[in-house]
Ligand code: NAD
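Take a look at this one chain, the form predicted alone, written out in structure tokens.
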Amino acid sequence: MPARSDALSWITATVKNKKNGAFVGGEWHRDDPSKSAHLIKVINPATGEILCELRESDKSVVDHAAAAALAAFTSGPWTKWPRSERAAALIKIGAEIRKHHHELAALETLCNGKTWAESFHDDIPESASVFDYYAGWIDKIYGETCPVEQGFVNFTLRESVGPCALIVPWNFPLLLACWKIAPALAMGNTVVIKPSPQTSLSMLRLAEIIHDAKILPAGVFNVVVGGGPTGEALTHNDAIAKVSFTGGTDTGRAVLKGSADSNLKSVTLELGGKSPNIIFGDAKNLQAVIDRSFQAMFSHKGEKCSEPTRLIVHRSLHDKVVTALVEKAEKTRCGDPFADTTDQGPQCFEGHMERILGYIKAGKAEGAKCVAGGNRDTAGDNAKGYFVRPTIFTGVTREMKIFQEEIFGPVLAVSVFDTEEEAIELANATRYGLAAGLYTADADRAMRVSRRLDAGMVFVNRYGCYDFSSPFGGFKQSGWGKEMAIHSLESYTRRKSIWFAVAPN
């Protein structure tokens, strides 16, 4: 496949030979030759082979990136650009992503393991389009006049926040980064992006693409690479005015602590999920419900925070639904993610695969019945990859780990219910509240149950509906704030109140 060859050629020519791991102030970061850098191995999860090594960004590199972002914000030309030029820059970024569509999709698949079709058709097009969407918002952010007492005029302004640290996970490496980059730049901020160490290559390539196309001034767009210590250095850096983090709930707490221990920078968090999907006994088009429930759960090999990992089925439909799901799971073909015949790629990295297998072991030990999968797929060329078969458990109760904890893999927990009240109680019985879904032919029930589900997003009669114009985010321990729509822009601006005395005294 030419796209894979192009991606591998770029890795060899640009990354492997230079052992780079940061793009700061418009150029590859130059290491101090007297210092030995920690090297991060970037591994192809389908084969276990090392693609390249990256230099981890230590505190000095992070400080350099934050300083570059601050200088670009306070004294560079970026914040002085007319709004029309800023909008044009975002549209150019989207166009460049489309121009390099095949190569970026190949980098995603090489590093993450998702299928080529998922990278090519799902991730990269939306990564480009989100820049077009937020380019259109740039001249539509208004202040307000406030009805204060006579003798005064009071109005508000929406200002840029400043340098923003954007910390993104490995499951949708480029897409979730662009969800943050586009609104941050639209509001006139500068950014330091930290992708996951497992999946940094597409972001480094995007930085290079933007630089080569001369779209942004130096220092507006910076990338650092590393794990926890790199993220900790970002969240503690006083030059950073805001952190937007997507990832696990426990890491989100560390991000909050970093903000509290430094300059109390603004924080938004998109965290974990353990989302329920309820199928009531009156659900229509049951086969379509089953097909969509399976696809929403097992696409991208189950590595999605909003996936419906808990299926709560009315007793009258339970056996029929489970039988159909098992049949689909058994037909799923794991293998080379670039092959047209592959349905499911490998999990992103070995440690995560082992974590998933640990949850499967726990589910069996706690008494759930494994009716599909439950093991690695080591058939043929899969032996060296990190493949886990689509796994389905039945008889899952609320006390079990596979009901309560986020697995982030292809493991579905099925529970049964008899009454509407029981379904709602099961749906709300975790610490998470990211998303929830329900299928019913009763409109009154749909509205009644939707209001009682403790989740930031509720999908009725089609699980998993997403649009740039709709806020994405959860309740409880699933996060603070929202991604997408105008709601994301609120977090990348600050509101200033200005008072004028009509008759100064």
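Each residue number is its position in the shown sequence, starting from 1. If you're wondering where the values come from, they're calculated on a predicted model, not measured in any experiment.
Although not depicted, the form predicted in complex with ligand NAD is the subject of the following passage.
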property: Triplet 247, 272 and 408 all within 4.5 Å of ligand NAD in the model of the complex via a heavy atom; result: yes
property: In the model of the complex, segment of 238-246, 137-145, 367-375, 281-289 with a heavy atom within 4.5 Å of ligand NAD; result: 238-246
property: Proximity to ligand NAD in the model of the complex, single hit among 167, 124, 297, 186 (heavy atom within 4.5 Å); result: 167
property: Candidate from 197, 94, 76, 335 lying within 4.5 Å of ligand NAD in the model of the complex - any heavy atom; result: 197
property: Any non-hydrogen atom of residue 468 within 4.5 angstroms of ligand NAD in the model of the complex; result: no
property: Heavy atom of residue 260 within 4.5 Å of ligand NAD in the model of the complex; result: no
property: 4.5 Å heavy atom contact, residue 28 and ligand NAD in the model of the complex; result: no
property: Residue 395 within 4.5 Å of ligand NAD in the model of the complex, heavy atoms; result: no
property: Residues within 4.5 Å of ligand NAD in the model of the complex, restricted to 214-229 and counted by heavy atom; result: 226, 227, 228
